[in-house]
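The chain below stands alone and is given in structure tokens; this is the form predicted alone.
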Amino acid sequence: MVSRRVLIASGVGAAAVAGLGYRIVDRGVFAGPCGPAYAPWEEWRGGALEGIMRPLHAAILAANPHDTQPWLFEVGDETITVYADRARNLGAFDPFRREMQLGLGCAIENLCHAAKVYGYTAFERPVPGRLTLSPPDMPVPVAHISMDPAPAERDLLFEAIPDRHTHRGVYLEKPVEARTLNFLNGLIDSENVRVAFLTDAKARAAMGALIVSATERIIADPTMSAASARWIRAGRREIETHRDGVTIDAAGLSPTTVMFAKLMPDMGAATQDQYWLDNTKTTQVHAPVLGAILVKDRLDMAGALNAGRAWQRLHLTATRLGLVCQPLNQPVECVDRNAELGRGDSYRKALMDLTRSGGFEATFVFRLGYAEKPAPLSPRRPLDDVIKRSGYA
């Protein structure tokens, strides 16, 4: 006869196994990036009957800070107005909304490549002005785009859009040829934007040390730490609910760490920060190329849009060439945070010295190289969620 104690123990064990099984399914421990939150990557071509809205399927797959997807699009008969959805901000991480503006430039770049393929010439008119500290959360227009009918053309960068992803994992110790970097440099067609590539080991080590120092500064700042933690998405349910943010799958962690991070209770901000710092030190500052996008004035609105367009163009081209990329923008984030707090700053000058900027200043720091594995997908909100047909004042 089975004792009561054995029955209780068996029941508890069965409940524990069932609970574990539920959590594995609920959190998507073994699933990887899949499901409705990733559908826009499959639907990126849109449909022929959508008219000037069709290129927006490509626009929403653009690079953007922390996958905040800070865009809204107002569609007219022949024009598209791009808005900054300033409620989707990074707070103290981006007090001037400079990185938000860069992401909007990335979306405009994708839109323009898609427009060419679908029989339009897109003319962008940026809204002039300067970025200011902690602006109100209301949406504001950043660019008006006229969509003029034109013969459809093939566009190689358009074809790279569904394959372009931020790669936060290990890069190979394989150099990038100088002629490749020269070609990428030639993509920057604005007199107000430049790109600097660092390939010398000493320069890369110095830039890597600067990135690590900035990361340490950020995680020691409780306000910045909280602003970042708000956009971390852990389990499957959270991803499907928000369809944005940096996921555990895309964080550049080892497969084992990803599995346990999903399985265990959600990490607090301090634990997340420590993983980020460790991964920055051991993995993310190591690449054959570190670099920066430079501008004359990082707070000029039109200049920030142009810098974002330049980054998207560079990343799409790198994707076609078999290269991978990742933003490592912590030093510039510290420049902005120091300006917000009115305290002394050494990062801006250090970046100017490392990049030999000639008076330009860094607005975007990145790494470039080769990887064994492709980067995972990031979640995206559906296009309907970012289309606004009623005007904003």
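As the structure is a prediction and not an experimental result, all values here were calculated from the model. One rule holds for the numbers: they count along the sequence shown, beginning at 1.
Only in words, not in the display: the form predicted in complex with a small molecule, which the text now covers.
Although the partner is absent here, residue 380 is a contact residue: one of its heavy atoms lies within 4.5 angstroms of the small molecule in the predicted complex.
Contact check for residue 109: every heavy atom lies farther than 4.5 Å from the small molecule in the predicted complex.
A residue is said to contact a partner when one of its heavy atoms sits within 4.5 Å of a partner heavy atom; residue 336 fails this definition for the small molecule in the predicted complex, lying far away. Residue contact check for residue 65: one or more of its heavy atoms lie within 4.5 Å of the small molecule in the predicted complex. If you check the small molecule in the predicted complex, you find a heavy atom from every one of 103, 326 and 364 within 4.5 Å.
Considering the small molecule in the predicted complex, the lone stretch of 327-335, 49-57, 32-40, 345-353 in range is 327-335 [heavy atom distance within 4.5 Å]. Of the listed positions (319, 180, 166, 283), a single one reaches within 4.5 angstroms of the small molecule by any non-hydrogen atom in the predicted complex, namely 166.
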